[in-house]
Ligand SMILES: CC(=O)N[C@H]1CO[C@H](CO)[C@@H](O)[C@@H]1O
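Let's start with one chain on its own, the form predicted alone, as structure tokens.
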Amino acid sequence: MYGVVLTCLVLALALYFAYRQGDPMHNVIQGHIDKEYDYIIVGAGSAGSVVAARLSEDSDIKVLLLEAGGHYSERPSFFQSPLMWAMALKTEYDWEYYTEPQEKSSFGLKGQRSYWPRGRVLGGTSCINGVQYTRGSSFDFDEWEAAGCTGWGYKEVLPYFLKSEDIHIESLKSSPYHSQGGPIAVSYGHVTELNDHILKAGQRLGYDVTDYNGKDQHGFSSVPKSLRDGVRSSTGLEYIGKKQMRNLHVSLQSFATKIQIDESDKTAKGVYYIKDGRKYYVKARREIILSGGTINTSQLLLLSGIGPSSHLKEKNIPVIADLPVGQNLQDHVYIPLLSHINQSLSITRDDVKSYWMKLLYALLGKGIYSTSLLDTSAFLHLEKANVGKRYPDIQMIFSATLFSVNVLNYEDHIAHTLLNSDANQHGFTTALCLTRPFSRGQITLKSNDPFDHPNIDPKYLEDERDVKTLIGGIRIWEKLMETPEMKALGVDIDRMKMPFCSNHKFRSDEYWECLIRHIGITEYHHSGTCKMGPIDDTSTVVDPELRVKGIKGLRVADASVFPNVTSGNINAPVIMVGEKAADMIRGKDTVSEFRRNI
């Protein structure tokens, strides 16, 4: 009986996604690609898919998009249901990176190494993230511009956020900070009533309930999500899969290994790549745009002779341009704080395994499979005097479930006490995140073999200010958990009393620091390794037009160009970079209709 039901579910799910996607393979090249294109984009992730689609709007040019992974339609249950993102982890659709052992953090992780999943699929990490749509603080972008990134202030980037957005939230449709008709759908998708309880607890502490993508990021918010009718609104689906562009060729399973650069005039000429076990070369008539992400773009530049000269020489790579590629690595660290509750307001293992829930999603696109479990978020300042004057210090993300499965690389004894052993226990997890870390890491080559993953050293928490900021955030979390709204749900801070930090007094600064250094993990927001800035700034790799300094015909468009990581989840800012990069390359202004007097 169960086999019949399961077969019907799979069939219904396949029909549902086929209906939603149309023909997602129409741009994909099945055989050999052409020998030459006007533009070659390397990496079909959150930015690369955007750049490729926008450049292809000019019908007189030919565009090639190279992607090392496969197509999201191969495993619709992985990529289209936002609830199932973790199913893709540690599969062929995940680069599965690990950091170097950390000296001052990751004490509770296996080998003191953090696991960094990255999407290896059309749509990149936008296919495996938590679908939380967050633009960042206006102060982030104004800071970029003040540091010499001309044209990247908030008023200049807001039109690109608007261009990419299709707001489905009724209360925000008339907001000047939102727009309709763009590729990326933004909607709510509340899981349970737990969201209301957390918002009320925040109000109890004096915080406003706000739209954190609007005028002011500060306060508590329901989480806007990149969802369209229960389907993940990834860039691969929305920008590539739904459009048929005769002048765009998408080559999957195509792993770029080197950019060919003419040393006589320092011009990027073409791309070497591996497909089906064979080595190929394709030429670019105009430009090559690297959108592989913070890790892959840095590695490819280094392999191509662009990077710190001493490091390249050490790896026997001829130096084409001496630039600080791989430096300035930044990432958001978060601390998972678990809270039990005494009411059925969260999602448990039985809910996830429910045949009814699967059928509801397969047939109607409704229920828990149609959304993520991230329902509430807060951006908070540690000092009230800074509200309205600078970016927030802390982000809290509330997930309507208790973490119970060890996908985060924790040591077994840490996972045993930190994570929930009963997957049917009701509760929620607070991800307490550092919005603007002071610590800086680096990416370097392990060898000159492109198939060797690079050395990733984020140097988490090496700057003591990061620890102090996180402790300050925990103090706010403590107050939130002690509000009448949380007490009525049976929340008890003692749930976070961990034996591996028992040599410190529970809830002391020393205890929380111990916990932070043991269980702090990546929020998957890696950025900064091809820093954008003035051309005469020796710490930068690309100029404000995203051109690699000293190299003609080569640009970077992904999170690696961030001078400083934005406050919050970075998928939306990366999409914005892709939109703005396409306009720069085309020499066109396509956002005049989105410019508003804000």
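Because the structure is predicted, anything quoted here is derived from the model rather than measured. Numbers follow the displayed sequence, beginning with 1.
We do not show the form predicted in complex with the ligand, though everything after this point is about it.
Colleague: With the partner left out of view, is residue 193 within 4.5 angstroms of the ligand in the predicted bound form by any non-hydrogen atom?
Modeller: Although the ligand is absent here, residue 193 would stay clear of it in the predicted bound form, with no heavy atoms inside 4.5 Å.
Colleague: How about residue 356: is it within 4.5 Å of the ligand in the predicted bound form, going by heavy atoms?
Modeller: No.
Colleague: Does any heavy atom of residue 376 come within 4.5 Å of a heavy atom of the ligand in the predicted bound form?
Modeller: The answer is no: residue 376 has no heavy atom within 4.5 Å of the ligand.
Colleague: Taking the ligand as it sits in the predicted bound form, is residue 450 in contact with it (heavy atom to heavy atom, 4.5 Å or less)?
Modeller: Heavy-atom contact with the ligand at 4.5 Å: present for residue 450.
Colleague: Tell me which of 422-430, 361-369, 94-102, 151-159 has residues with heavy atoms within 4.5 angstroms of the ligand in the predicted bound form?
Modeller: Comparing against the ligand in the predicted bound form, the contact stretch is 94-102.
Colleague: Counting non-hydrogen atoms within 4.5 angstroms of the ligand in the predicted bound form, say which of 435, 114, 233, 299 makes the cut.
Modeller: Spelling it out, the residue with a heavy atom inside the cut-off is 299.
Colleague: Which residue, 172, 303, 476, 521, is the contact with the ligand in the predicted bound form, using a 4.5 Å heavy atom cutoff?
Modeller: In short, 303.
Colleague: Along 243-257, which positions have a non-hydrogen atom within 4.5 Å of the ligand in the predicted bound form?
Modeller: Sequence-ordered list: 255, 256.
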